[in-house]
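Take a look at this single chain, the form predicted alone, given in structure tokens.
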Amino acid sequence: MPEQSSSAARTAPGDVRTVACIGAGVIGGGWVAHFLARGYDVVAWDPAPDAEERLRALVDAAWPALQRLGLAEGASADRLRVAATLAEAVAGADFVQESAPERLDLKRDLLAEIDEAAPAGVVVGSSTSGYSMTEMQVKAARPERLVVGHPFNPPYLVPLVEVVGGDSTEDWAVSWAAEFYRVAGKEVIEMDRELPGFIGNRIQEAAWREALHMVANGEATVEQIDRSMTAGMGLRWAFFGPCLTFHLAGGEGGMAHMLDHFGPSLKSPWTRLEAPELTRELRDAMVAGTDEVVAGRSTAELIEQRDRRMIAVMRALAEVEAEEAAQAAREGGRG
């Protein structure tokens, strides 16, 4: 990305008061609910004739969960305003979140329109789930302030946002957006480079494709596949990702032992994905990256942390399931 120019954000990330949300579908509406819950004024715009009705219904439906999660001081669904035009929506914004449908031509035109209407120095984030900012920012007059802010659905609950710029994005805009999302209560990955599908989607897509293969070949049912995740690896992945999980699989030898011992199994026909060649460079990079995450913690310490968190997740799920069953019984008794 280019070096920082004379451009700069007009408002510090911690001083943002008004967020404009362009596009009010499932993702855009989820962003609206999140920003409202964090105490921002939100101005939304969507060209659909019933957009306001659908948006307010989505916020109302999300609000009880957000209340349980914990609202920021001053947070209120009443701080939502739906504008009649895009220009009106972004006129007083300190930040703009675009969440239009995934069509490249639409994204290009819309980002150019937002760029033309938004005040100078206001960063614009796109919720795209697949396109790079490099290919989306080509029509904008000031592409240096356009970034990807890729959320996970629903944005009002799942904390992850992946942030990355395009070839014409300036470094200050990426840094500003990453810090703003953190201030707004998100867990941010500030990506080092553009990657088709981003990080989370690629991992998710790998599991999804294999699930489709198993169903198509009659090897497993949808229920079995989902249960294998929710009662198996999904519990660990709630707090340790796949890399740290496999590090623990190596015992005291950690990632190095796991790769040295189980590396040949990468060529076994366990999935339909072609495994990369396990070169010395890849092995060493994985070991070094894992060592950074481990940060000096012993295997025993990691196992204790893993088990404590897994039990906490299981207890929490059991509590919620019991509450849902009791509620269903009460509703059934009234019926």
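Just so it is clear, the model here is predicted, and its values are computed rather than measured. Counting begins at 1, following the sequence as shown.
Omitted from view is the form predicted together with another copy of the chain, to which the following refers.
Interface membership of residue 274, defined by any non-hydrogen atom within 4.5 Å of another copy of the chain in the predicted complex, is confirmed. In the predicted complex, another copy of the chain sits within 4.5 Å of a heavy atom belonging to residue 289.
Contact annotation for residue 156: at least one heavy atom lies within 4.5 Å of another copy of the chain in the predicted complex. The closest heavy atom approach of residue 285 to another copy of the chain in the predicted complex falls within 4.5 Å. Interface residue among 160, 183, 71, 77, judged by heavy atoms within 4.5 Å of another copy of the chain in the predicted complex: 160. Between the options 178, 235, 110, 117, the residue in contact with another copy of the chain in the predicted complex by a heavy atom within 4.5 angstroms is 235. Contact with another copy of the chain in the predicted complex, defined as any heavy atom within 4.5 Å, is confined among 83-91, 241-249, 140-148, 169-177 to 241-249. Shown without its partner, the chain has 255, 258, 259, 265, 266, 267, 268, 269, 270, 271, 272, 273, 274, 275, 276 in segment 251-278 as residues with a non-hydrogen atom within 4.5 angstroms of another copy of the chain in the predicted complex.
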